[in-house]
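You are given structure tokens for the same protein chain in two forms, set apart as structure 1 and structure 2.
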Structure 1
């Protein structure tokens, strides 16, 4: 039995879908709802969708709206968590949207917002693969590569709020062009987008691969994580080679990050890790351990796949909301 105002709704705003959980004070998930992200509409329309989704998920848990304490959102972009403003979210076409204020007005409860990768890392830190660590780095690889840093138990945001852009650490000077305009960022070498580019190039150069056929069968225009997984299961030689190279780059990135920050734990999350789990992380860990400057106690640094999958973000958002409510 949940008493008044005890549940919090956590929402992950993905580029393709909005995903909401309603969570009780014991961190139990009482209900889950999902709706497609209609990016075509203006911010106000999407904010109305978020309000409807929050109300739906509360109802799906068999609760009344009066039992909702707060809503907390992970948004894909630069967020000012103090004021709940989403400053720059290219995937949504948003710029300086006062999400917290607007959604709060619709729902009449406090609304918090934080960057989606940061909330995902907080979720893994408190409830998932990073439990117990004080110093923790999260690397989330999917379409792009994002990151988060927790130092002494707290999110580290940097002087301009621009920290933890792990995807734009340069691991190959003059390497392939990145979406950010630079060359040789890890995102341009090991994201799913980079792997798709390399698979297509290999096919164009005459190498045999089933990847394009798998995409067609599944009606996908892009090489999704499920296509990637299926191609690996079929032992596709191009996919295997491209994945091995991406894991090698990721291992070098992890080594750089550990040589710099010496955390207790590196959590590898995101779409690829969620699909492939330990089989994705094991070669990354091996390369990383071989390239730490301090190798004699390398294994003290845990390098592990995330364990919360899609729930990491909404759960982390709920945890951050609770911290803010207690302030």
Structure 2
């Protein structure tokens, strides 16, 4: 039996879907609910969707709303965790949205907000692939690419709370346009969005690919990680070429991050890693090791896929909420 005011809802705001978990004090997941992310809506509309999702997942767990202690959200982009403001989220089209205050008013419980990759990394650090590491970097690839850093066991936010936006490190000057407005960001070269762009361009140029057919069969307007996986299983030549290029850029990104921070472990998470696991990470690891400045003991830096999958973000959000509530 769950006592009153002991459960927390953790939500991950993905570019494709919103995923919510109800978690008890023992980190057991009591219920999961998921709904598409309607990025065409204005912020208030999407916030109402979040409120409805939180209420739905509490009901799915067989609980009353009065048993809910808090809601904690991992949101994409630049987030001010102290005030719950999403300052800039290109994939949502958000600028200076007071997510915590608006959602808290609807749900009438405390609402916390943090960058989505930060919460995912906290989840992997406490409960997943990064357990035991004091210095840890997370790189999560999906609709976009985000990063998180844990130093000496603590989440590192930077002077303005905007640390580890590795997806917007410029690795190809005058490269493709990124959603942030710059050119040549790693997100514009190796995210699932970038891969879909490159696949579509290859098909337009006359190259044969089954990707669009797979999308049509599965009723998908965008190239999801499941479509990507099926195309690779069918040995689709365009998908294999595009994936190889994306893995190369990811490997170079990992090498650059390791050369700067020298962490014990790099966790590769997000939708692509969840679907493909070691087959996705292995080429990234190989490229990264080849480009470390210190190579003689490169293997001491573990480069591993996350183990929590889609649950990493919501679980990490819950863990961070507990820390905030204890202050």
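Predicted model, so just to flag it, every value in this text is computed and none were measured. Rigid core (definition): largest C-alpha set, two forms, superposition within 1.5 Å. Residue numbers count along the first chain shown, from 1.
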Report the structure number, 1 or 2, for the form predicted together with a further copy of the same chain.
1
For the two-part rigid-body motion between structure 1 and structure 2, are residue 163 and residue 289 assigned to a common part?
yes
Could you let me know the angle, in degrees, that the smaller of the two rigid parts turns against the larger between structure 1 and structure 2?
15
Shift of the Cα of residue 23 between structure 1 and structure 2 with the rigid core overlaid, in Å, rounds to 3.3
Once the two forms are fitted on their core, CA shift of residue 109 between structure 1 and structure 2 in Å
5.6
